[in-house]
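Here's a solo chain for you in C-alpha cells, the form predicted alone.
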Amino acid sequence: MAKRTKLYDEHLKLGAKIVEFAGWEMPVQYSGIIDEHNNVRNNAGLFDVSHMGEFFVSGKDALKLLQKLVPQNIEKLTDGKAVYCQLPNENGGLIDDLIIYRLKNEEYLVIVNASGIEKDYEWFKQNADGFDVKIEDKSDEYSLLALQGPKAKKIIAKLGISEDEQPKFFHIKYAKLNGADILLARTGYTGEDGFEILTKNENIVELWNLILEKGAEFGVKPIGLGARDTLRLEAALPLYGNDLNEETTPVESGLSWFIPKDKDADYNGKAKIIEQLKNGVKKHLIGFKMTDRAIPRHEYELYIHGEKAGIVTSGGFAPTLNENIGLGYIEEELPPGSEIQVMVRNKLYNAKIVKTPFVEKKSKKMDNI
C-alpha cells in the first residue's frame, strides 16, 4: 500500500490530483502543471517533498564514512555548508544522488531520494562496518517542504527570518518558524532561488498553511510533482531512475565538474571514475531541443543519420521556452548544434543538441568541492 505524507488531507482540500510516485500518494498538480510551473518561475511555489529521506550521520568516524561513500571532498565542508553528491557503487555506477549538509562537527544530515531510502540506508550501514559512527534513518519522523521562486526570500522574511538572516546558497541553519524548530536550507530542485524546510511531522500542517497564508501577497501557490519535473528538466537537473542509475557513472552523466581531482581519500568506484576522467567515456548525456513538432519521452530511441545511437532519459514540454526538450544518452560525443532524431511512434523527428541548462538558473552555481 502506498504511503501518504502528513499533508495528504491538505492536498485533497486544495483540489490536488493524486498519483502514486516512488511508493507514495503525492499531488501531481493543483491548478495545472503549466500554471504552477510559471508561478514558480515568476513568483513562488510551495512543494510537499516529505517523501524524501533524511539520514543523520554522527560520531568520530562520520567524516571518514562519508569520504568513503561519495567522490566529493566532505572534509572541506564547514558548519552549515552543503554539497550535492553522487553515491557510487564499487564499479562507479550510481546507487543514488543526494545532498550532504554539515550541521556541526561530527554531525551531518543527508537527504536522499524517496525511491532510495531503504537501499541507501543498507549501503550506508554496509560501508560503516568497523567505523565509530551512528547512522539514523529519521525519514518517518520528519517532513520536508520546498519553497521555490524569486519571491521565496520575501515570504521567509515575512515569516520572521529576515533576508540578512537567511542562509546563503547551499547552506543550512537551525531556525524557528511559528515557534517550530526547523532546519532551513538554501537548496532546491527547480533552478530558482529558494529554500527547503525540514521539521518534525507534528509541525508540518500548520507550517504548510501558514506559508500559503502569509505568502499569498507574493503569489505563492501549492505546486505538484508535475511542475517539479518540468522545472528541473528546464534546469537540466538529473532525475534518479531516469537520467541516473547503477549502470551510469557520474562522468557519463555529465557530472564531472562535481568531482574533485585532488581528493586523496579513497571512495567506492574511485578507480573507474578517475580512469574515465582521464580517458573519456563511451556514452554521453546530452540536452536537445526538438526542431520538428513532437514530444520526446523517457525511453524513446535517439538516432544519428538514421542509425540508432542512444535513448531519451527525460523529455517533455518546456513551458518557459514554449519548446519540447529532452535529455538522453548517445554513444558519440557531438557538439551543440549537431542534428539528431527521435523515434516517436515509429517515425523519426528532427532535433538538435544544445547546451544545458535549457533555462538559465536563477540560483548560484553549486560549489564543486
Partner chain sequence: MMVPEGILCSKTHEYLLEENDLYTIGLTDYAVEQLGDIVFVELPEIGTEFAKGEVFATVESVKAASEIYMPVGGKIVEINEKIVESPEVLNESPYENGWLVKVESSTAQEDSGDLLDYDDYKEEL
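Numbering follows the first chain given and starts at 1. Being a predicted model, the structure only gives us computed values, none of them experimental.
Omitted from view is the form predicted in complex with the partner chain, to which the following refers.
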property	result
Interface membership of G191, the partner chain in the predicted complex, 4.5 Å heavy atom rule	no
Partner proximity in the predicted complex: W24 to the partner chain, non-hydrogen atom cutoff 4.5 Å	no
The partner chain contact in the predicted complex: Q29, any heavy atom under 4.5 Å	yes
4.5 angstroms heavy atom contact with the partner chain in the predicted complex for F317	yes
Region of this chain that lies against the partner chain in the predicted complex, out of 104-112, 222-230, 72-80, 242-250 [heavy atom, 4.5 Å]	222-230
Every residue of K60, K68 and F131 near the partner chain in the predicted complex, heavy atom within 4.5 Å	no
Residue among A265, I295, V205, I135 with a heavy atom within 4.5 Å of the partner chain in the predicted complex	I295
Contact residue in the predicted complex, chosen from I34, L334, M343, I304 - any heavy atom within 4.5 Å of the partner chain	I34
